[in-house]
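Encoded as structure tokens, the following chain is the form predicted alone, with no partner shown.
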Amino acid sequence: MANSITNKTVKNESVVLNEFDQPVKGVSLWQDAWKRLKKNKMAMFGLLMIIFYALISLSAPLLPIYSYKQQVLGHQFLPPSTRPAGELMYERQDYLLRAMANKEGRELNAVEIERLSDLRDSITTEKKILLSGEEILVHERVYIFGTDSLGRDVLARIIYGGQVSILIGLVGALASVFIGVVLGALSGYIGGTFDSLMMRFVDIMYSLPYMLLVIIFMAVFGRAIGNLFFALAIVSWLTVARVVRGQIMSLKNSEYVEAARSSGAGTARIVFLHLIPNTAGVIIVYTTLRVPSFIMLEAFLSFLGLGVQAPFASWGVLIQDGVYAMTTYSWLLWFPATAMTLFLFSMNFLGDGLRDALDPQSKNKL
């Protein structure tokens, strides 16, 4: 039986009814996209992981972790463990003294036994005053992800480093997308000489080495986080400008644009209230795919010594430190690298899922 849909007025409201006299509810573009996104398991996994990372980063001050910048030199290079740091310190010192004695073909002498005894007493009694004024037994700390060369907690540095890396990715992506959307939309709508000049400027910028410009900017203006944000965003808007320009050129002769133009709407109103909202799908997808790119760029700059500076840390800085010690203290590389890789994969999965969900041509593919 063929489906039939009729219009019926109920209480001065027009209601669309199907053949069974049941109201038909309309589905918006965003509701339809969300339904399709939920069918993509990898995209939903990426979304859940991003939410998890966001919650951990935002709640870092409330988590039961140690300060990311507090140094305990006696806890240098402690391996990942669920046991107190004092036990690991004693075992390491005992192993070193016994290895030296075995190499010389003897037992521990009185001096070495006394050193171990003093160390054990120190472990059970030594206290440290935190910045908050609290006094604690410092050797009772537990480092699940181990410590670095200065005795700092690797887990805390990964969490706080995630704050910096994610912030760099978000701010850089949003800034570059904002610049690209505004310039690309105006260029596509206005056209003519303005469009030609804008595209020639984009071509010139494309011909310049991107990373070299960022490195020169950081070297000249300093390595502050604000300069890093600006350097990454100022030359990364080129692609989104071209993409948005193409979208605007295909939409600017649409009926709703002609209607807005005939009603007296100006260029700014048409561009920012009518055209750009209709390219929101492309903009959102591009933004999600740019966040991993900025995090990777910051990691690359950290290898060159132009990334985030102490006492702050980022995933790139932690990976750089871990590379130099990976043969002996592998946890310094594997834990931050795993955290960063998982986040980057999650962002890419979500970006691909959004691209498919917001693309009408892919409606029947999921």
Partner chain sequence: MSKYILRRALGLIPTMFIIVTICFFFIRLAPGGPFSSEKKIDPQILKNIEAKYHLDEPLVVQYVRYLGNVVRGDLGPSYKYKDYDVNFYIGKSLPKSLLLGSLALFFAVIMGMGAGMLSSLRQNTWVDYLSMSVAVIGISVPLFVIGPVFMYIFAIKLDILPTSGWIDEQGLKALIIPVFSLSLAYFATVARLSRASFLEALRSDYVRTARAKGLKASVIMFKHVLKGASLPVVSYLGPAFSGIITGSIVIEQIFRIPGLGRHFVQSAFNRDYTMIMGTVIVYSLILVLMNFLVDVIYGYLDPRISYK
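Positions refer to the first chain, counted from 1. On a predicted model such as this, the values are computed, not experimentally measured, just so you know.
If you look for the form predicted together with the partner chain, you will not find it shown, but the lines that follow are about it.
Contact with the partner chain in the predicted bound form, defined as a heavy atom within 4.5 Å, holds for exactly one of M44, A60, L304, A54, namely L304.
Contact with the partner chain in the predicted bound form, judged by any heavy atom within 4.5 Å, is made by just one of N102, T124, S196, S207: S207.
Not displayed here, the partner chain is approached by F217 to within 4.5 Å at the level of heavy atoms in the predicted bound form.
In the predicted bound form, M296 approaches the partner chain with a heavy atom inside 4.5 Å.
Within this chain, Y324 lines the site of the partner chain in the predicted bound form, having a heavy atom no more than 4.5 Å away. Using a 4.5 angstroms threshold between heavy atoms, A357 stays clear of the partner chain in the predicted bound form.
Note on the interface: of 143-151, 257-265, 217-225, 238-246, the segment with non-hydrogen atoms within 4.5 angstroms of the partner chain in the predicted bound form is 217-225. Of the residues in 330-347, those that come within 4.5 Å of the partner chain in the predicted bound form through at least one heavy atom are, in sequence order, S330, L333, W334, A337, M340, T341, L344, F345.
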